[in-house]
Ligand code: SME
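Form predicted alone, single chain, as structure tokens, below.
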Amino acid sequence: MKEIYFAGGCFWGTEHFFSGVDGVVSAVSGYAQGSPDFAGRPSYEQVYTDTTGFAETVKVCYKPERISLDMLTDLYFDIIDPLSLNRQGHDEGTRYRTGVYYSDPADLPVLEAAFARAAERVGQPLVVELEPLRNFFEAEERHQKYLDKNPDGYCHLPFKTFRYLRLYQDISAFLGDEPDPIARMAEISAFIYERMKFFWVGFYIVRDAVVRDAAAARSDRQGPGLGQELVLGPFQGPSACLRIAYGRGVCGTAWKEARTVVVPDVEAFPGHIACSSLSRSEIVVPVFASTAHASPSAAGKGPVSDPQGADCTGIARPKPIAVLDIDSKDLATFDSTDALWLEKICKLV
């Protein structure tokens, strides 16, 4: 068994998150990296003054044969804002700073690689500490498993983060080494639909377009969607549009721009295709053939692809092979948390 220490803002949510990670034996809330000038065991009230140098930290003990340090650290970066100094969510102060502290020097190269990936993903230097562990003290009993004891208690993480963690792990385990992407799409659709209770969940797959007449053939030869369109794939929910053209509607836009598109109100989206009048909000996530790409920012952020598949920086970007489309009967259902986890799930295709 090995251990690693994560400071990720308020330790209540960080502890609850890592307690739910498969392969983690225990997650303990505590205080780490206190000032050498501070003698003895700190109390919560002392740490709260921001004068002790301690950060709220979670000690994670895990089985490396079940989960790697690499995966744990990637999950850590999924639940923090690595560009926010001394603040996570509504919590502010040096006690809420972010950091990863290691007790085994052999872990450093793995951690450095994870930090490099995170920095590349956000495109800026991180403000996350990476240091050898100096000290760690367990927090008072009232802080251990706080959200288990207080299910409606405060947490700086969105509560759906914990649902998505379980969903992601269960999908990954269930799919195993199944080689057929259509079968994987079918299972993913079912898992998301049943667990998250969305109105419609399914995939549209990039296929060669059906040429219906000469005018359509000429149209298909124009632009980057040369002779292709999105064709309905595995889905859960009511009947849906069979085919969607390149750049049309939310799905076609996500395909064209190779990025996740979050739409709080589908009626306000230009060119929205109304497959069902019951759909009120939507998220569409591109699926790529390779997972070795940097996912663009969600909710319409990040560079937009030009017709040649390059972004505004001129760097070629991978083209989607499909999109995951999810609809809700409610307005503003989806946000950056949904985008992050659904992008992770799409990498399982």
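In this text the structure is predicted, and so the values were computed from the model without any measurement. Counting begins at 1, following the sequence as shown.
The same protein has a further form, the form predicted in complex with the ligand, not shown here; the description that follows concerns it.
Each of Cys241, His272 and Glu282 comes within 4.5 Å of the ligand in the predicted complex, counting any heavy atom. Though the partner is left out of this view, Trp200 does reach within 4.5 Å of the ligand in the predicted complex, counting heavy atoms only.
Although the partner is absent from this view, Asp327 contacts the ligand in the predicted complex, with a non-hydrogen atom inside 4.5 angstroms.
At least one heavy atom of Cys251 is located within 4.5 Å of the ligand in the predicted complex. Contact check for Tyr204: a non-hydrogen atom falls within 4.5 Å of the ligand in the predicted complex. None of 116-124, 272-280, 135-143, 85-93 except one has non-hydrogen atoms within 4.5 angstroms of the ligand in the predicted complex; the exception is 272-280.
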